[in-house]
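Next up: a single chain in structure tokens, the form predicted alone.
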Amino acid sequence: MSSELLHSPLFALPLSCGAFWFGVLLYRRTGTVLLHPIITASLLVFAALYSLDIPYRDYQDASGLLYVLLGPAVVALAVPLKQNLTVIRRAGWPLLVTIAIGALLAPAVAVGIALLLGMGKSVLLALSGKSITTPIALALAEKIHATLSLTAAIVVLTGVFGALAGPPLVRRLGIRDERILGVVLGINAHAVGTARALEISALCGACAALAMGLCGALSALLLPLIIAP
């Protein structure tokens, strides 16, 4: 296979779609969250890029169409939000205040821990966008001069870990309210958590979509002001 083809959309797009398709099949067959399609697809794409010595930047450039579609995919999450708007309205201001505080605390705690561990500036910048969905995180990463590949990896890992650990942790705390679970997943695991929330219920998914959207909006407004490039 020629080097030019390996670094082109003709290879990157089928690789991404094929890996995700296989991940969906495996997830439906096994039913375990440990084999969520995003985990399986990410590992397959990583293995392919590593074995074929393809830099992430080249893969990202060749996957431009998928990045363009990320935006409309996130906007489509407004559908479950609209369907459950009446229920969400009853929570009102307490829900919005909770989301706003969570949106500030999620990256602040991660950056604070990284500072205590002596992490470098590149890691701190990448961690600042860990709890927002990929399209916004990558756009912000460019604006604050964070490393794109590191930011993307942290965002995906945060989403996967949050989607896996969030529901059992919330249940262990004795919380059964699906609105709370949705907010937790939306704040801490962005789009991956929202996808997991939609599997639980439409109401849980709607709260996760609301939390994810507000987190992204607050981060887009505040991060460039807080972090001077």
Partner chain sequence: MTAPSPRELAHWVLGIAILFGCERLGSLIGKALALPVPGTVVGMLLLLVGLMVYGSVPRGLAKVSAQLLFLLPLLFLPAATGVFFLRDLSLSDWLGLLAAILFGTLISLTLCTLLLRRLLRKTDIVHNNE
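Note that the rigid core is defined as the largest set of C-alphas that superpose within 1.5 Å between two forms. Residue numbers count along the first chain shown, from 1. The model shown is predicted, which means the values in this text are computed figures rather than measured ones.
Separately, the form predicted together with its partner chain exists; it is not shown, and the next lines address it.
Contact between Ile180 and its partner chain in the predicted complex is found at the 4.5 Å heavy atom cutoff. Using a 4.5 angstroms limit between non-hydrogen atoms, Leu116 is distant from its partner chain in the predicted complex.
Though the partner is left out of this view, Lys82 does reach within 4.5 Å of its partner chain in the predicted complex, counting heavy atoms only.
Although the partner is absent here, Arg29 is not a contact residue: none of its heavy atoms lies within 4.5 angstroms of its partner chain in the predicted complex.
Residues are counted as partner-facing when one of their heavy atoms sits within 4.5 Å of its partner chain in the predicted complex; in 179-218 these are Arg179, Ile180, Val183, Val184, Ile187, Asn188, Gly213, Ala217, in sequence order. Relative to the superposed core, Glu178 undergoes a C-alpha shift smaller than 2 Å between the shown form and the other one. Once both forms are overlaid on the rigid core, the distance between the two CA positions of Ser16 between the shown form and the other one is 2 angstroms or more. The Cα position of Pro168 differs by less than 2 Å between the shown form and the other one after fitting on the rigid core. Between this form and the other one, the CA-CA gap for Leu69 and Val160 widens by 3 Å or more, being larger in the predicted complex.
A change of 3 Å or more separates the two forms for Gly64 and Leu185: their C-alpha atoms lie farther apart in the predicted complex.
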